[in-house]
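A lone chain, given as structure tokens: the form predicted alone.
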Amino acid sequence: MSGPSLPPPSNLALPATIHRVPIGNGRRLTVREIGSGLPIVFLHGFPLDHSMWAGQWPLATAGGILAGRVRLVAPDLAGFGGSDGPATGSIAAMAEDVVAMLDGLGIQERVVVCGLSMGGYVAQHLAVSHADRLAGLVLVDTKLEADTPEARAARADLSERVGRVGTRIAAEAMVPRLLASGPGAAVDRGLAGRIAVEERLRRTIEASPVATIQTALAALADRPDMVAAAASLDLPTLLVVGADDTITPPECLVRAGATIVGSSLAVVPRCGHMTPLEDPAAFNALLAAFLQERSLTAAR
């Protein structure tokens, strides 16, 4: 089993339950959940864990805008955070792990799946392969297209450097690109300030096993193009992207919006690749409005 998940920031109390859910092959996923009602499954980005969704927990806590109407479910994908390794070797197989987790939690009703970046790729596979399990789809700071040859080469290079130097090199390469920069950036006035957020991200990445990072990089590089498959989706879909995201820029989600029939797109100002972490209030308001407008959860 890999190292423990990064604890949430002290100003975000998370009165939640932690489960260890079997998914087969002797592995268990660590899953944090809170609330009751419509299940919303939050899938983290690479190479992070469920703690990146700490800013969403207030949605279901007492007095939250969705309290009593949603059940938030946030796993660490295999090999990440507190979940058992080895990491799963393809994005499609990660989606099957999520289905096994739902079964292990006894969740048979339809769920809303919300994924960021790598989690968004997993969410896309769930929407295509297990549409009967989904009530809605939220794709955040991600894209439908497969990697370009240049992107695959960059992942291979990072994998080689991680194997040679360690996970510190992954943190050094990624953290500066994850957040919007400048005095107007949302993270500078949210959570505990930019330095604290960067340190949280760095600690999470450095805690990931080398093998997990390398396996996930290969899975990301090998993932299929999902544009054609996404064109046939028939699910309420929300697309969210940070206006200053340089990893999956807004045009990626604009293209996705043109592909997924009936989807809605929100571009969040002053955010980079980690919109739910950088501006939790804005993201939570978007998610709550989407659920209510699409009648996925009853309005209070």
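Everything quoted here is computed from the prediction, not taken from an experiment. Residue numbers run from 1 along the displayed sequence.
From this point on, the text means the form predicted in complex with D-malate, which you will not see here.
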Checklist line | Candidate stretches 198-206, 130-138, 115-123, 161-169 - the one whose heavy atoms come within 4.5 Å of D-malate in the predicted bound form | finding: 115-123
Check: in the predicted bound form, does R152 have a heavy atom within 4.5 Å of D-malate?
Finding: no
Note to self: Is it the case that G272, even though its partner is missing from this view, gets within 4.5 Å of D-malate in the predicted bound form, heavy atoms only?
What the structure shows: no
Checklist line | Any non-hydrogen atom of V175 within 4.5 angstroms of D-malate in the predicted bound form | finding: no
Margin query: Taking D-malate as it sits in the predicted bound form, is I247 near enough to touch it, meaning that at least one heavy atom pair lies within 4.5 angstroms?
Written below: yes
Check: Does anything in 42-73 come within 4.5 Å of D-malate in the predicted bound form by heavy atoms, and if so which residues, in order?
Finding: G45, F46
